[in-house]
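Form predicted on its own, single chain, as structure tokens, below.
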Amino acid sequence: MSTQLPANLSEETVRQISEDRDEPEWLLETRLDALSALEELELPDVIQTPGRRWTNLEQLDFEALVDPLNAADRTERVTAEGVEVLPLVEALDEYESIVRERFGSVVDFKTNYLTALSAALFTTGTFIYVPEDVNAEDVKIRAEMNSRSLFSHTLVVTEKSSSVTILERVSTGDAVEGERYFSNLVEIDAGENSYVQYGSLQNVDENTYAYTLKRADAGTYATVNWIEGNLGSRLTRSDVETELNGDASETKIVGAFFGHGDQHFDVNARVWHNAEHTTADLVTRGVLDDTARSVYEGVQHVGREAWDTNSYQRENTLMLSDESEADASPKLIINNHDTEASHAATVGQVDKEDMFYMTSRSIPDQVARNMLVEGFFVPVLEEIDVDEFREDLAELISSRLRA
């Protein structure tokens, strides 16, 4: 059953958003097309086990959560030499032809109800353009949500033989009474022989529901690496996806989450091997305390023409409480026999023998447990080759253990 359109959303609302931003007609038509599709679209698929839907998105009251005409954010953008990093509204003036060609080319806005809602209502976003042969680091986006709802869109375009490292951090700022909703769509169009590393650290407050879809199209010899850290929100639905459409393209998806209280994380990593000689590596680790819950789905899809594929996946969840819950569903879909692939997932509690070993050497129980948790995250932290991101994530993990 499709989700009902909130009564406070209308064509007039969308037209006002577009008019306030002085957008071109083609973008208004894109928004209106997404709006009209809402009546027929379903919420994102979620994992179900007999008698249970692990993530209940149907309970979200979008009429109360969504307030697009009062959206407010404070976003700091740091560029690097040779790279254009602009608010999306400014990019429409300076790079309209590129934006028009690539906007919506990687993420289909009609994928589900939430993607269409975001496409219709986004009010902030960033355009990152890396010209041919430019090599850049230290591109940063620091976004602060200061309203009941915020819809964001990020478009990254890298031309032939370029490279860029992008670090995004999302948090909440000004106090808002009641619950909030944050949505972020990220599109990466990685050109031939280009390299993109996109790190995202989400730490919004725990009155916020967060939905993100990040997807990349990797061209010939291109590499797209994702780093996804989720610590904030009441409920997080995070989808990170790469389509390996070019021969010899590669991707790595590294994820980490740490839930406490009654937080819920629905984390998904997906890779499509559509070309020859492609490689993927999916690595996720999460920790749950109190009554926190998580569900993970990882999908490696190998197409019929994807000769000489290498695809690997591993996910581990550590539960610190008897009341926490976790489920994992790694999947391999292989349509080409010339494939080397594996997948694994584990869910378990702190090892009693490890705890006994440490406490028998006069280490207090809490300190011993915290040391084991920090050690549990080490394999995924070692996969992160961006020092700043790795240090920020490690500090947030340590801060939660000290809380």
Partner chain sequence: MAVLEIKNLHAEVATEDGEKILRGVDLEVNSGEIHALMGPNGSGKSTTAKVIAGHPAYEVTEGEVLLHLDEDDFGADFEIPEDKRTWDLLDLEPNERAALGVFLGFQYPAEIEGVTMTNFLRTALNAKLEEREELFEDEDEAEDEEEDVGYDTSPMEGPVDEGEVGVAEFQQLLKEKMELLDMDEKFAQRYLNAGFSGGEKKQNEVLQAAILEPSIAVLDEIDSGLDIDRLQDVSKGINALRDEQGTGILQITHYQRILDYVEPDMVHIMLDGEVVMEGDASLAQELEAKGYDWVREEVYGTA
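Positions refer to the first chain, counted from 1. All of these numbers come straight from a predicted model, not from anything done at the bench.
As for the form predicted together with the partner chain, it is not shown, yet the points below apply to it.
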item: Three-residue site 362, 378 and 398 fully in contact with the partner chain in the model of the complex at 4.5 Å by heavy atom; value: yes
item: Per-stretch contact check against the partner chain in the model of the complex, the hit in 330-338, 347-355, 48-56, 35-43 (non-hydrogen atom, 4.5 angstroms); value: 347-355
item: In the model of the complex, residue 22 touching the partner chain (heavy atom, 4.5 Å); value: no
item: Partner contact for residue 366 in the model of the complex: the partner chain, 4.5 angstroms, heavy atom; value: yes
item: Partner contact for residue 63 in the model of the complex: the partner chain, 4.5 angstroms, heavy atom; value: no
item: Contact of residue 372 with the partner chain in the model of the complex (heavy atom, 4.5 Å); value: yes
